[in-house]
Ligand code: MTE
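The chain below stands alone and is given in structure tokens; this is the form predicted alone.
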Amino acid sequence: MYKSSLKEEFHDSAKLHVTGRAVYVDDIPVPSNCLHILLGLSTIANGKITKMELDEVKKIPGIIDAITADDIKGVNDASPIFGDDPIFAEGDVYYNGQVIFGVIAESLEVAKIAIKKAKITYSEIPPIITLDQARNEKSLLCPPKEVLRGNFAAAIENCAHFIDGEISIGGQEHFYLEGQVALAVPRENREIQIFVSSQHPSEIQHKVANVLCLPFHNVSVEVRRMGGAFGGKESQANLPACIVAIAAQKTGRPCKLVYDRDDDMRITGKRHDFVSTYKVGFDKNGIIEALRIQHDMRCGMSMDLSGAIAERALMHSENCYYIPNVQFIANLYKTNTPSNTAFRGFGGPQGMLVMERIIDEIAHFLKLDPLMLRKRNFYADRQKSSQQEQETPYGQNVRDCVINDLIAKLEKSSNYQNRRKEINKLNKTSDAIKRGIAITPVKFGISFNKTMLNQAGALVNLYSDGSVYLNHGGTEMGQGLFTKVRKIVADTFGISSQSVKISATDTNKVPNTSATAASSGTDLNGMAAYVAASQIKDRMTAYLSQLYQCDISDVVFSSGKIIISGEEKMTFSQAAEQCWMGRVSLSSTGFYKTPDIYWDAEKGKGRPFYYFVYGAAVSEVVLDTLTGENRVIRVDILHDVGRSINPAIDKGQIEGGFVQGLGWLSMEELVYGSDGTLMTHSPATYKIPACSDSPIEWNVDFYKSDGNLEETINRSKAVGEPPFMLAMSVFFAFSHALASINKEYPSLDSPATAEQLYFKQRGSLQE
């Protein structure tokens, strides 16, 4: 089994990034005859197109054509699953900003002039924009989803105490630095090549093929890198890819589409916003005995990935706590807004936030430190209690739990107890400035909800000079996946990473791939690449042992050398050449599928996750009650990464995920007008965290262990999504600060913006 070398590796594109030489899709040199596309968007949220006049558009010099649904030879659909997301609106319009037509021009400047000549008339229907409207209209996309255990109704009647409440959880714009972009280049024999910024090249291949009425093998899709994605390029990249493909097929010329930031934010889906109601029963010590949570989700105009997101929200609604009687329900509401989609955490953050809110509110009710209450309700570490007590509400045994030990270590290293006492003391004497501190845990399941997606392939070619060419099905979006997988292959051969060239993800090289999502990129693709490299190494070892008349175990690959029977015989490159001369195959494909996982969506039961990732954060904030302004003073994080393949990259993911979570919970606010117009559609109106919003003091450390209990690559654990939820500690630190002002529990909604923090405590004071 693979074990990572201790040598630290920098990001494979680090020098290109900092020098500005990294090539993204918009940087790819295009042929001189390349055409540019600009999209015409709906200005209403619900209704029908009664007339569309594009003749004046086509008359403008430099305009090649205008394309609509009528130009699609195949299926007018860009959805990932359900066939309910048209590329171009076809009669009906479902949201403000929906794509209606595209202008194909010699230049983008000409297209901007021509698009204003389009005349679209509509027959409007009152739209459903808010969750309240959707609930009143019973505008459900599908039947409710449930996860159940025990008997909530009976158990709640016997509880000493109960609390009910509601929390509104806002959505979030992905705000990747590189927007949606696609380039289509027609080739001979009806072949077409797509360059696109996408987390899922195979899905792009399939959608384009269906749109153009082509077999999959006629469509090749290449992704070298993305400038961020966060889930926003898992299904949302389908639309621009399909549009450039349609235009290229019609004109016979390369076609390119780049969303500007305003259009990107208007067209694409976001993180789902929730309104979650809850009722919880508990005893005098705060032990939770019965819990009901109903998540009402704003899904937008189509299903997209909302079903799987709802399931993951339900499967994370208990977070780190064992609760014997559970009723978790998710309602998926259709609204006349863009179809919400995957976003880092995929429903998990919303589910966890409600659970942590419940813990915080119970602690306030019982006048306890929330940490004490958390400890009383945690799953036990590893197998220190019965199997039944370690089973999640959906039936998975929590056999790898380390949260109690991890929290104990963080509590001590962060000096949490003394700091909380000092803050409580300070808040009693300070009128305007209040402080708050909170510690929150994370338990996040790793694997795709849909079992079939948990597979990956890789291709490794070893050339006779000792250099290695590597390709796999994962995509690089800045998270360092390529760097990790390259290191795995290099370590397998006992050579430096510089000897391994990792190439763009390409559907022609590794077919039928899954999206790089669900934090599973390294688990899946790293293992597939290891399998491929190991097969070549085994062939070389067998040949060399025969050549030198020794046992296979006597052939060792180390530091670019081949050691045979304890004696250095040759360099790795010499061994490669010798094996080639001996007619040994030096090319191999590798395949990996995650074992021992299954999920019954109808019953809400199974083992959907291969393992869990654990972590916790302590955050301290300061709040000016006169203005609502606030700062995160200090953050201490202890996170379980298993046996890290690349500690620097893992630490970067932890810090980056935390800051993005901080933005979601404290400042990023999506505002829609009553007509469905996105009011916060640009950097001028939508606030994301800046460098100055990062914690003043950072303390980030890895939880020390023997590695993952499950047999992952290097016994490592995923680190893409779990750190995002660590930012919940900031949200509840705000609650702690506000609790010092009034006896009532400060029922914050998310995001806890400066305005909300100001009005929340002002309202309490007036009461």
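Every value quoted in this text rests on a predicted model; they were computed, and no experiment measured them. Residue positions are given as counts along the sequence shown, with the first one as 1.
Unshown form predicted together with this ligand; subsequent notes refer to it.
This chain is displayed alone, yet in the predicted bound form one of 254, 97, 663, 478 has a heavy atom within 4.5 Å of this ligand; that residue is 478.
This chain is drawn without this ligand; in the predicted bound form, the residue among 517, 183, 576, 531 with a heavy atom within 4.5 Å of it is 517. Here the chain stands alone, but in the predicted bound form its contact with this ligand, taken as any heavy atom within 4.5 Å, falls in 717-725 among 46-54, 717-725, 695-703, 60-68. Using a 4.5 Å cutoff between non-hydrogen atoms, residue 230 counts as a contact of this ligand in the predicted bound form. In the predicted bound form, this ligand lies farther than 4.5 Å from every heavy atom of residue 443. This ligand in the predicted bound form comes within 4.5 Å of a heavy atom belonging to residue 653. Though the partner is left out of this view, residue 521 does reach within 4.5 Å of this ligand in the predicted bound form, counting heavy atoms only.
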